[in-house]
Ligand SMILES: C[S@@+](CC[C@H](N)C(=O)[O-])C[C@H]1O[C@@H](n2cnc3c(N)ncnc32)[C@H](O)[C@@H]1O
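There is one chain below, alone, in structure tokens, taken in the form predicted on its own.
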């Protein structure tokens, strides 16, 4: 007799299997996969515990579990990721948004709220557009230009922007950092420049978890031999794109604080440079104010 699988039975089995295989966040992973296959919200799984899962759905789930056990990120398997209480489309063409980057969003919004009028923001290395969209959703007077070197990542960002009806507030440009900006057509000077750049050094890249190294785009991770390539360029170029009193805010690797601070201080553009720590007490966000 064929075994009957209910939602509860499947969840319990997946959590146990994922725990044995040391998959990150076994319960959350199980919930994400099952809710994706059943087209339910995660909370609905718990209100339909006794629902029997059909064979076609079981087959689809089996295929996804197999890939998950090979360390393929659950966000790519389901095509979505939660960030700053919003749901984003993600594919292997863009980095999976991290919880640490929510701190960058919080600090950007806090800075913008301290200023008057429409605020013009440039979000570099936008990826799936998560930072730009989270800022635009939470700060009404934002006008954002978001750039990325990867056209495939920008197509994902465009889909996310359309989902949240933000095309009037966010403009996407393809190119390397500031290169796609045209002085006469785009904003000449911004109130804020923010960026979560590639900042993994070559040596660190080789030691990354297989889940990251084998599946996430190298372009979004590799920051050059010492991980500081993009910071060097931003330090040199950002000042000419900022109003006086405006700021540049950058996410940094936990060992990079003092080095990036030095890069910014060595230019003539910035006065105070401040480093903020994340919830794990690691250096995470650096803010420099244009003088």
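Numbering follows the first chain given and starts at 1. Quick caveat, the model's predicted, so the values are computed rather than measured.
One more form of this protein should be noted, the form predicted in complex with this ligand, which is absent from this view; the next part is about it.
Among residues of the shown chain, residue 125 is one whose heavy atoms approach this ligand to within 4.5 Å in the predicted bound form.
Looking at residue 37, you'd find every heavy atom of it more than 4.5 angstroms from this ligand in the predicted bound form.
Contact check for residue 198: a non-hydrogen atom falls within 4.5 Å of this ligand in the predicted bound form. In the predicted bound form, this ligand sits beyond 4.5 Å of every heavy atom of residue 191.
Screening 158, 166, 219, 112 for any heavy atom within 4.5 Å of this ligand in the predicted bound form leaves a single hit, 219. Scanning 107, 101, 138, 119 against this ligand in the predicted bound form with a 4.5 Å heavy atom cut-off leaves one residue, 101. The stretch among 72-80, 203-211, 142-150, 158-166 whose residues place heavy atoms within 4.5 Å of this ligand in the predicted bound form is 142-150. Along 164-182, a non-hydrogen atom within 4.5 Å of this ligand in the predicted bound form is carried by 175, 176, 177, in order along the sequence.
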